[in-house]
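A single chain, nothing else alongside it, follows as structure tokens in the form predicted on its own.
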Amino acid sequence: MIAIIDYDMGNLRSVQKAFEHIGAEATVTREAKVIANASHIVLPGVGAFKECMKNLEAYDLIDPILKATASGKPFLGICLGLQLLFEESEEHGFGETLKGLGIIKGRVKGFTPTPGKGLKVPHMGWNSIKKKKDSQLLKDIDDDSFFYFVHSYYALPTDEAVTLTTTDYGIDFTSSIESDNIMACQFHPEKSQDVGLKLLKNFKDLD
């Protein structure tokens, strides 16, 4: 059973429907026992980093997430769910550095708009990935495959070895990561049609 963590931030139902489409049992939950008993755990997320961390604290979900990532079970972060795994985030307009979960070393930085070059913020739409290492998560997914992105911030891992794919948007940024049982993608597999469903199936099939 796949537990999709519910903290009132993100398109939870669309993630659940995508897993159900590939034949997986998936439940949306904020119950620590359900998360602990799940075979796979998913942390989705859409919105502001600060509000997401506040909600995770309010619903007492930080400890279940830390236990889940330490358990060895397959764990997948999606979009903001990737960013929350890092130590800190720069949130423009607030003049502060925000503390993340600290599971992956590194920080989250905002894109800089480039007038005249057509690079707008947020980065929104289809873009391709470049594989940096082999992974069961990307089994039978070709290099340069296109996924759907919607984000204004990107992750800067301290250890480049955790970077699974990069994507070009004015800079080559880390678009997915993998460290042992912990995987996360900046793009939305649930919105990425067949290739996204393939990635979710690969995740479901992990032991």
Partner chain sequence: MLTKRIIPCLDVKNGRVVKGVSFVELRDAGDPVEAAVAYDAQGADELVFLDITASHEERKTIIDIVERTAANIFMPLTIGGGINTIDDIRALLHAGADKVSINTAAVNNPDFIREASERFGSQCIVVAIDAKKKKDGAGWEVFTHGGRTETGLDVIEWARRVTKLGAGELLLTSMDEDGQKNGYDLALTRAVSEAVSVPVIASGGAGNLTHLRDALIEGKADAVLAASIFHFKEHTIKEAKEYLTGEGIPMRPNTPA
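For clarity, every value in this text was computed on a predicted model and none was experimentally measured. Residue numbers count along the first chain shown, from 1.
Another form, the form predicted in complex with its partner chain, is not on view; read the next lines as being about it.
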Inset, instruction - Decide yes or no: are Leu66, Leu156 and Asp159 jointly within 4.5 Å of its partner chain in the predicted complex, with each residue judged by its heavy atoms? - result: no
Inset, instruction - Work out which of the listed stretches, 162 to 170, 35 to 43, 176 to 184, 66 to 74, brings a heavy atom within 4.5 angstroms of its partner chain in the predicted complex. - result: 162 to 170
Inset, instruction - Check whether Ala24 has any heavy atom within 4.5 Å of a heavy atom of its partner chain in the predicted complex, and answer yes or no. - result: no
Inset, instruction - Report whether the minimum heavy atom distance between Val150 and its partner chain in the predicted complex is within 4.5 Å. - result: yes
Inset, instruction - Please check if His123 has a heavy atom lying within 4.5 Å of any heavy atom of its partner chain in the predicted complex. - result: yes
Inset, instruction - Classify Asp8 as contacting or not contacting its partner chain in the predicted complex by the rule of any non-hydrogen atom within 4.5 angstroms, answering yes or no. - result: yes
Legend entry - Residues of 14 to 45 having any heavy atom within 4.5 Å of its partner chain in the predicted complex, listed in sequence order: Ser14, Lys17, Ala18, His21
